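What follows is a single chain, given as structure tokens, in the form predicted on its own.
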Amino acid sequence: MRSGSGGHSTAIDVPEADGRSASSKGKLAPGMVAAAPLPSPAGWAKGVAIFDLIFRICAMVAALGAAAAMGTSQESLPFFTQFFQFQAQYDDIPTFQFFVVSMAIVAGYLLLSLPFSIVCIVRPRASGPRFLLLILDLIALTLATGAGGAAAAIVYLAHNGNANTNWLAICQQFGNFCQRISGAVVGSFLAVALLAMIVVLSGIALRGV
């Protein structure tokens, strides 16, 4: 700013308003990075509970399908004699009976556990229902693994036999029967894998609660 009188002028320096200082108040210093907001523990636990419900439904369908496939496996050969009729059905082998009962129990348990899984979605911070489901899931996993493993051993003998004990392979004659029991065993192993994932998810969720 300049003011003049009698030909003389005086220069007055007025500092300019630094607009950048006002605009830079909300900015971070160079080299600093803004921290991202951490996810809410409740939201994370709710996501785990949703996956738990999905896996639970899939495991229930797999266990029920395995029990149904094994329980309806039956085949009769087109030839027979006066005293014998050649047929194969699941209740001829006690292991297959155990398989059907076990997988039906697992499927029934998974159906009854769905309301508790929904409670874990509504109340993701509740540890009581999760702990109860974890214990019961471990029992169901053990039962399904035992039934599937025992049935798999019999299915292997049906396909390949055992020369040391003179057990003949029957799948060359009873092809449809062997296909159904093999599919049932595959379904049981799928249910076991899903139950294992459910147990892992429950453990992770309980640790985060």
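Numbers follow the displayed sequence, beginning with 1. Here the structure is a predicted model, which means the values were calculated and not measured.
Omitted from view is the form predicted together with another copy of the chain, to which the following refers.
Of the stretches 116-124, 135-143, 67-75, 103-111, only 135-143 has residues with a heavy atom within 4.5 Å of another copy of the chain in the predicted bound form. Using a 4.5 Å heavy atom cutoff, I154, N164 and L206 all lie near another copy of the chain in the predicted bound form. Another copy of the chain is not shown here, but in the predicted bound form it comes within 4.5 Å of a heavy atom of V199. At the 4.5 Å threshold, heavy atoms of G183 stay clear of another copy of the chain in the predicted bound form, well away from it. With a 4.5 Å cutoff on heavy atoms, G149 counts as touching another copy of the chain in the predicted bound form. In the predicted bound form, another copy of the chain sits beyond 4.5 Å of every heavy atom of I54.
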